[in-house]
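Okay, so here's just one chain, in structure tokens, the form predicted alone.
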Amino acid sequence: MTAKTKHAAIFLAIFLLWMKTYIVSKVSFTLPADHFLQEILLFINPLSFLVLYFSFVYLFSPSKRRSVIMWMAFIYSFILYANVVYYRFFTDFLTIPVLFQMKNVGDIGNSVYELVYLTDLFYFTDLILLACLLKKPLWHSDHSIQSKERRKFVAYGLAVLAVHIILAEINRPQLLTRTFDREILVKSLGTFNYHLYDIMLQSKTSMQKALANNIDAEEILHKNNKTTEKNPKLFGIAKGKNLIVVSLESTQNFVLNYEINGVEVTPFLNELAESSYYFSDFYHQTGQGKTSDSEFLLDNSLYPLPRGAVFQTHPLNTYNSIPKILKTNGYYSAVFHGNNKSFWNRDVMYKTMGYDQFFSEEFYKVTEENTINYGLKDIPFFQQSIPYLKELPQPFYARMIMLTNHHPYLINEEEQWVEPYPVDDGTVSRYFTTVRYADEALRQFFNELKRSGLYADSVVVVYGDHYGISERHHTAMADVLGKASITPYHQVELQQVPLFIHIPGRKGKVMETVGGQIDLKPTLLHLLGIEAKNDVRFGTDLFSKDHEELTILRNGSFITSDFIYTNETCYIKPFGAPVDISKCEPYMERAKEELDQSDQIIYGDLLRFLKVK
């Protein structure tokens, strides 16, 4: 019997899974190959993992190999499919920290249901074929294999992996140091090799806290003690006032002033822009933690992590958050959210960040009629929150987290105050109806603030927490925006979210400065007339003339006043035409350094070594 015949069952399993993975990479993950070498990498990267993966079959007795092969094929297929479902909404890949967030799945049933299709049975049809063929004599796996043949099989696998890594490094030098761009890593390494790399990263980051010391902290402080000159007209303009920050769930900037059949999608936000400081070039900078990342950015002026959510992975770190700083200035702090308190590990993280009170789902009257998607609808949420808000000691810092405008964007027909957008993509079509509902909820909230007597003595900040429409909806979004197609340049522009800073008695003004969520902490503290000396932060005051117009996204893309850099291409604003990469080079290393330094602070828990004045 030849070696090929002895290995036939494993060769069959490898071939079927290899072809499936390649097809999934091209169709479900939509990973484009920009040139021939990249296409070769996409093709061979499943093979370099599968050969070594199935070499473990030989650890089992011949009589058990057939069932082991089937189980290994199923596990492989299940992990691949889990990535497909995750990618459909987040346009991203699973990481080890994300797996620790699986307890949240029970709260997002509607979203998961929308992401699973009947046609997904395709992802497992090869297993049926494999099971049938393994019953035939040609593909039997119960042959005796000598140790020499086993070693040779492993050697072949290592050789394929070595060639793969060399080609990947040729295609993208310093590949493994660019962990903030998962798409590049997966395109180069493959889904499963990336997961192995992710496990290695998890082990490495777990050690960083134990090895960190005050020298590391002082070095980070020296590099990132960002101070900006005060704006004399606005510094302290809201001194002693209440600060109310409203998080607009999944609201992107393109919905402002948008109409469907002559009906405004955001009539109240359009009015709010006229009576507030409205930032028209403001970006979310969230990662896999989405809403929780936006909260983290706002309160700490640190970047979210490249993998997972800080709220889940590092909830017991030391942070110099807004609530802690405001507490030393006589403020009481609270968060309001109509969902269960453990979602995103908020009940733990809010205590760490110094909040005095968390009004979660248990504080509200929740019924089947007033809930949808993730919990309490926005209108009853605000209505029931006002009495609590009135009872807070003043001055207070209150964050209100909206949630009705969340995937899959469901709302009762009687609450659809604008028609769904006429496009076949249901997610995009329904999105406008829930945005309109959120807009009305916010209008009613402002009216309630005025009736309660809180309005005149409060600064109200309204901002979008993260994108609502992911990259997989490009065709529909091109129709929405009246474009021939959505380019990478447009995709970055779509990360713009609204930011309104409403100060009663102040006239509205459109602010065109480039900024991001990381700039909110220093901006709000300056408006309140508060300085936190030696505070490690990466953002700067949006109102200061020293504010640098460089906004870095978590995936390494960045925006300046003149350029947008993404997917290793530099584009000029506002035309979106590619230009020579040298135009963006002055900022490229800066972007990487800032992301790396912020990661060091979180992984090493470096702020525990510093005293902030």
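The structure displayed is predicted, hence computed values, not measured ones. Residue numbers here begin at 1 and follow the sequence given.
The form predicted together with ligand GP9 exists for this protein as well; it is not shown, and the discussion that follows is about that form.
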property	result
Joint contact, Gly289, Tyr374 and Asp465 to ligand GP9 in the predicted complex, by non-hydrogen atom at 4.5 Å	yes
Stretch in contact in the predicted complex with ligand GP9, which is absent here, among 487-495, 521-529, 413-421, 290-298 (heavy atoms within 4.5 Å)	290-298
Distance check, Glu249 to ligand GP9 in the predicted complex, heavy atom within 4.5 Å	yes
Contact flag, Asn339 vs ligand GP9 in the predicted complex, heavy atom cut 4.5 Å	yes
4.5 angstroms heavy atom contact with ligand GP9 in the predicted complex for Met477	no
Exercise: Phe343 in contact with ligand GP9 in the predicted complex, heavy atom 4.5 Å	yes
In the predicted complex, the residue from Val461, Val84, Ala217, Leu403 that sits within 4.5 Å of ligand GP9 by heavy atoms	Leu403
